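First comes one chain, alone, set out as structure tokens in the form predicted alone.
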Amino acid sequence: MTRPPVRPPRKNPILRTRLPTLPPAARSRVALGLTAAAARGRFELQVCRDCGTVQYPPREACRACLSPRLDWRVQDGNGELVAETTLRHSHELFFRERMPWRLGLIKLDSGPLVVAHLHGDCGSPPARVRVRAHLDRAGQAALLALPDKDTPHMADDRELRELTCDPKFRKVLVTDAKTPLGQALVEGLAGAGADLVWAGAAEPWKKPPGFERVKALPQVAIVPLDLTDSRAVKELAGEIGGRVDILINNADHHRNFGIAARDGVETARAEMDINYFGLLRLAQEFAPAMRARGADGPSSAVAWVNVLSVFALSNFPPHGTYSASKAAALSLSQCLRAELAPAGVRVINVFPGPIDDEWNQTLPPPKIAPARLAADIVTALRGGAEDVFPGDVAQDWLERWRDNPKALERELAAMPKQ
């Protein structure tokens, strides 16, 4: 049975920093379909349209009838562990540093045999298991078999934690703790077992409701952070940048209207200054330190979370310049993901639909509550997803965008102007 991990020791600052290692990352183009699904927290396999065969590993044609008509479909992952082994030696440096490592062969109820990492609470063969797809530290899909029923301290399994960014025992920076979302994030992270939560606060003269409650939490430390001030970002990075394990950038400047309904560029400039340039300032100051700490073992940097908007996928004209700023931030975060990937630090992009706040008052329901969005972000960290679309609007928007981006653009343009 999995035992809860002990709090990791502090890193000795005198010892030389080790270089991060990654698991093998080579994948064929067709196999990246498994990675694309895992990035959204889903386990998908190829299913033949002609004969219905479910197959693994991914191929260009059906193994049963050779048809090229293959679709990626969600699988429940239920199956039976038929064989297992414990790896005690490997030529791959990543696994050599983490021996012993448990592996198993699982016969899925849907048909195929898969090789997967084995959770410590999985029983010996034959045993019922659930297979899930996660992203490994190289950003590629890896299969993990979990026990058929949840067990105590299940999330603390060593192999599972290697595939996720669980905030338990980790130090987290939330860039804006004065908003309802920021406060919900701080409380959710504290409840998830974070060792320390730095809560960023700009404009100290503002006293929003609930902020005093957040300040009173024992794991919380309030830090001054204004993303429009390059010097302030640099000073904070110099103070805590070498200790941040997870950074959550939820700072946001949101105003309504598009182009013609507003004179001048001041509002659009303010949106860009926080939503885009604020992210750039953070990345320039905090990313190098997090990249250097990718091999600190249980104390390593693991994740960077950007709270974007589903409007980044296709411009929403009633919130036109805001959508443009989030699209710019999405492009920048993809660059950041590429630069942090060699250190095994995962960049998680969150695309919520309209949040139930003052700047979405005129939009009809459904809107996602800040507390729900914060809970989804914590769940994404625990589950190891890379792209998260919380709420009904975001899920609907995503499906329409994946099906036909041009049709979605036209539908949004035809909506009544507000």
Partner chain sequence: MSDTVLSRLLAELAGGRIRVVDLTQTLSSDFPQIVLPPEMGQAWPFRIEEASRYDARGPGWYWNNFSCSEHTGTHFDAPIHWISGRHLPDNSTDTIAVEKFVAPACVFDCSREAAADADFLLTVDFLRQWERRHGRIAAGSWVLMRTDWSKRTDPAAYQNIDETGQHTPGPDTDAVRFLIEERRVLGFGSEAIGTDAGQAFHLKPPYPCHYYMHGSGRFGLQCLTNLHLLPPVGSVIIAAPLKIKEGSGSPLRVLALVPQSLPAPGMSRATRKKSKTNGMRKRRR
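Quantities reported herein were computed from a predicted structural model and do not represent experimental measurements. Numbering follows the first chain given and starts at 1.
There is also a form predicted together with its partner chain; it is not shown, and the following applies to it.
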{"item": "Partner contact for D109 in the model of the complex: its partner chain, 4.5 angstroms, heavy atom", "value": "no"}
{"item": "Proximity of I222 to its partner chain in the model of the complex, heavy atoms at 4.5 Å", "value": "yes"}
{"item": "Contact label in the model of the complex: D226 to its partner chain, heavy atom within 4.5 Å", "value": "yes"}
{"item": "Interface membership of S230, its partner chain in the model of the complex, 4.5 Å heavy atom rule", "value": "yes"}
{"item": "Selected contact from R137, R281, R170, R293, since only one has a non-hydrogen atom within 4.5 angstroms of its partner chain in the model of the complex", "value": "R281"}
{"item": "Of R96, R73, K207, H153, the one that lies within 4.5 Å of its partner chain in the model of the complex (heavy atoms)", "value": "K207"}
{"item": "Contact test, all of K215, E239 and R262, partner its partner chain in the model of the complex, heavy atom 4.5 Å", "value": "yes"}
{"item": "Which of 100-108, 142-150, 263-271, 182-190 sits within 4.5 Å of its partner chain in the model of the complex, heavy atom basis", "value": "263-271"}
{"item": "Residues in 340-362 with any heavy atom within 4.5 Å of its partner chain in the model of the complex", "value": "W359"}
